[in-house]
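First, one chain by itself: the form predicted alone, in structure tokens.
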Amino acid sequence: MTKTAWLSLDQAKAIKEKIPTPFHIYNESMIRQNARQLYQAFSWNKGFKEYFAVKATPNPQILKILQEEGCGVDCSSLSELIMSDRVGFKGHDIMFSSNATPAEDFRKAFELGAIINFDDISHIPFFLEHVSPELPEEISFRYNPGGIYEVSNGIMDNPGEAKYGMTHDHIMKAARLVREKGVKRLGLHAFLVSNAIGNDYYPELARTLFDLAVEVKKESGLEISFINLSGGIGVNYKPDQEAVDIHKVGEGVQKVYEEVLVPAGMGEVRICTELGRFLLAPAGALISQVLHLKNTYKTYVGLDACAANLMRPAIYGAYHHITVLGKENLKSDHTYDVTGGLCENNDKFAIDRKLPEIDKGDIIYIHDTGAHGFAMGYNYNGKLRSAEVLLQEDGGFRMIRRAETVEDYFRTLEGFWPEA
């Protein structure tokens, strides 16, 4: 199997003439196609809605594209709420899922009429004290079943070690509590696995949440209005991985829905998702240029990008495929460590990676950075965040975020920078 870059060398050079590397670039056509496939896969559910996880790709132009495709947004902070509001998302088009939440964040979510997804039972009295003496008529609870989470092909993750969500007992207690405080409709949410490759995670998660929903309704009398399966569906970062078939995923969830919810008289429950990675990761790439080649104990390719532009390989050991633009048809018979310029030895995009022979000035395409790529950037070593570019449906391009400047970096330093 191979992974193919959707940007050509000529396109990259044309962009580079106006926008220096490194930059993140997003494919508008692919974003729209991914969103439409998701909605088709869940078209059996009348109220289905995707709440795109803003944290994955927090750019208003990306959010606007997804809004045009019928998506809402999932926010986790005050800044994300403000951005989503300014893009034009209103009311229940916004899901607010946070943890260790400041009062001002809750207040903003309440002001916008967002669906508030409570992470812990203790957040309910906190909200009542600091935001409003009554709860909204519709809210959500985040569930954590604890223990080891398994599906048919083995262990997926360990929710018992995760800081997110309520226990079963807390969910049941909270449901009775919120009913007394004005809640009429309740949603249930869980995020148990990250980057699941395969088609069976969502159906298994759905069964977990559907069984809980039936129990909560029976015990509390609250209407269960939606089940939010959240994120977790992954992408095939490696060439030998098979991509998730979102249509089979949708069919699997539908089967469980008809087995559990329909017989319980809950056939009107809406399904929601928060698939930031699935929608955006393959539709984004980091474009960088080779600055140096170093031959010591290994051969190092030094890029003008670094972990400050894409930190997943450095902190997770995550694999991102690399294409040398213009050399796609050459044999990958050279071994390199592909590195950035941070003063950290883990600042490597690839270790012992087989690639075509690389020359100074080559343009490197790092795949699948459209989610949790630019968003996780930082300023260590005084490195500056890169620009973001949109490859439009008509083949043109435009900058949707300029690169940071030295002036930006120094501006928050009181008494140091003239404009501070």
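We number the residues from 1 along the sequence you see. Quantities reported herein were computed from a predicted structural model and do not represent experimental measurements.
The next section is about a form of this same protein that is not shown, the form predicted together with another copy of the chain.
Given that another copy of the chain is not shown alongside this chain, does residue 231 nevertheless sit within 4.5 Å of it in the predicted bound form, heavy atom to heavy atom? No, no contact at 4.5 Å.
Report yes if any heavy atom of residue 376 sits within 4.5 Å of a heavy atom of another copy of the chain in the predicted bound form; otherwise report no. Within the cut-off, so yes.
Contact with another copy of the chain in the predicted bound form for residue 164, defined as at least one heavy atom pair within 4.5 Å: yes or no? Yes.
I'd like to check something about residue 99: if you look in the predicted bound form, is any of its heavy atoms closer than or equal to 4.5 Å to a heavy atom of another copy of the chain? Yes, residue 99 sits close enough to another copy of the chain in the predicted bound form that at least one of its heavy atoms falls within 4.5 Å.
Looking at heavy atoms inside 4.5 Å, which stretch does another copy of the chain contact in the predicted bound form, given the options 362-370, 389-397, 26-34, 50-58? Stretch 50-58 is the one.
Flag this candidate site as yes only if 6, 185 and 236 all have a heavy atom within 4.5 Å of another copy of the chain in the predicted bound form; otherwise mark no. Verified in the predicted bound form; spot residues all out of contact, no.
Using heavy atoms only and a 4.5 Å cut-off, determine which of 136, 198, 341, 203 is in contact with another copy of the chain in the predicted bound form. Spelling it out, the residue with a heavy atom inside the cut-off is 341.
Contact assignment for another copy of the chain in the predicted bound form, among 292, 181, 270, 247, heavy atom within 4.5 Å: Selected residue: 292.
At 4.5 Å, heavy atom to heavy atom, what parts of 293-318 sit next to another copy of the chain in the predicted bound form? List them in sequence order, or say none. Those in contact are 293, 294, 295, 296, 297, 298, 300, 302, 303, 311, 315, 316.
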